[in-house]
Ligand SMILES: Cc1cc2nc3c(=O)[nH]c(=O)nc-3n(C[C@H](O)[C@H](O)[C@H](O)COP(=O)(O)OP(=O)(O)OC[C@H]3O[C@@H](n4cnc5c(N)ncnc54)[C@H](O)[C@@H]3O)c2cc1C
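Take a look at this single chain in C-alpha cells; it is the form predicted alone.
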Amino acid sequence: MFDVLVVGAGPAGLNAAMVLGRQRREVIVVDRGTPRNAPAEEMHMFLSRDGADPARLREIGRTELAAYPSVTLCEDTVTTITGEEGTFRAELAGGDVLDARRVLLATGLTDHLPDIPGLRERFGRTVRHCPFCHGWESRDQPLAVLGGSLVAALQARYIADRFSEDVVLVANGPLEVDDAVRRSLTDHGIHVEERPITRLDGDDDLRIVFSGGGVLGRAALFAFPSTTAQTDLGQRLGAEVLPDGCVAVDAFGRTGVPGVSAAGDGARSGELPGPAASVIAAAGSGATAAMWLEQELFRIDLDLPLPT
C-alpha cells in the first residue's frame, strides 16, 4: 500500500513526489510520457531556469528523485482508479494494480489548436500561445494574433500595448465583435485581416497565406488554444471539472472527493476565470498539495488530540 499515488510526472507531479519523499512517504509516480509543453524549446518565468529546456527540467527532476528510496517512478498509464479515501486502487494499462491511501492528480491539459495547415508544426516556435511566456522574446517585432472573437481582440490589444507597435489581428474569417471593439483596435494601430487562412509557411520567417493568394510575413503568430483534461480520471472519481478541463481544487489542492488532490496546469480554483499555466506555478502547486497531504496523513495516524 502506497501512501500517495501521483498521476503525472510533469513539474507538479515530480515536485509533489519530492516533497513527500523527503518526508519518507511511500509514493509512486505513474506517467505516460505526454507532457503538455513537449513542443516548447524553452520555458520562462522560472527563477534560475529562465530560457531552459523544459524536457531537461523533467530529466533533472527524475534524477533528483532517485535520492529518495521511498519514491518509485513508473512509466505506464493509469486507466482506472476506484475505491475511497484510504483504500484507492489503480489499474494500469500494463496490467499492474496499485493500492494507495491518497491520490494526487497532476495529469495536466491537452491543447486544441485551430485546424490550419502548418500551425501545429510550428506550435512552440513561431506559433506561440502565451504573451507571459513568449512576449518578451517577441518584443519589437511584427506580430499577428489569431482569432475572430472578443478574446482574440483583447489579446491583440494586450500584445500591442506590451510588446509591439506592429500587430495584425488575423481573424480567419469575420471578426465577431461590435463596432466599439473594432474602433478600439483601429485607434491603437491594430490592423484586422478577415480573409480565411489557407496555411502557414516558413520557419523563422513565418508566412501566413490567405485564401486568394495574399501573404502576410510575421516574426510570430500568437494562437490561443482551447483545452481539455489529458485524462478523465478526475471526472470519473467524481471531482468537479471546470469548462476548460481543469479539476476544481481548494487552497489545499484538494478536490471535492475525499482523499483526492490535484495540482499543475490541470487544477485550479473555481474562483479564477481560467488556467494561468506556467511551469513554476505548476511545480509550486504540486509542492503545496503534497505538504497538506503529508499533514493530513500524519494527523490521521496521530494518537493525540489536535489543536483547534
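One rule holds for the numbers: they count along the sequence shown, beginning at 1. Note that the structure is a prediction, hence the values are computed from the model and not measured.
One more form of this protein, predicted in complex with this ligand, exists but is not displayed; see below.
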This ligand contact at G108 in the predicted complex, heavy atom, 4.5 Å: yes
Exercise: P69 in contact with this ligand in the predicted complex, heavy atom 4.5 Å: no
Proximity of A160 to this ligand in the predicted complex, heavy atoms at 4.5 Å: no
For V167, is any heavy atom within 4.5 Å of this ligand in the predicted complex, or not? no
Stretch in contact, per heavy atom within 4.5 angstroms of this ligand in the predicted complex, of 192-200, 177-185, 211-219, 70-78: 70-78
Counting non-hydrogen atoms within 4.5 angstroms of this ligand in the predicted complex, say which of V27, V30, V260, V249 makes the cut. V30
Near this ligand in the predicted complex, with a heavy atom at 4.5 Å or closer, the residues from 1-15 are V7, G8, A9, G10, P11, A12, G13
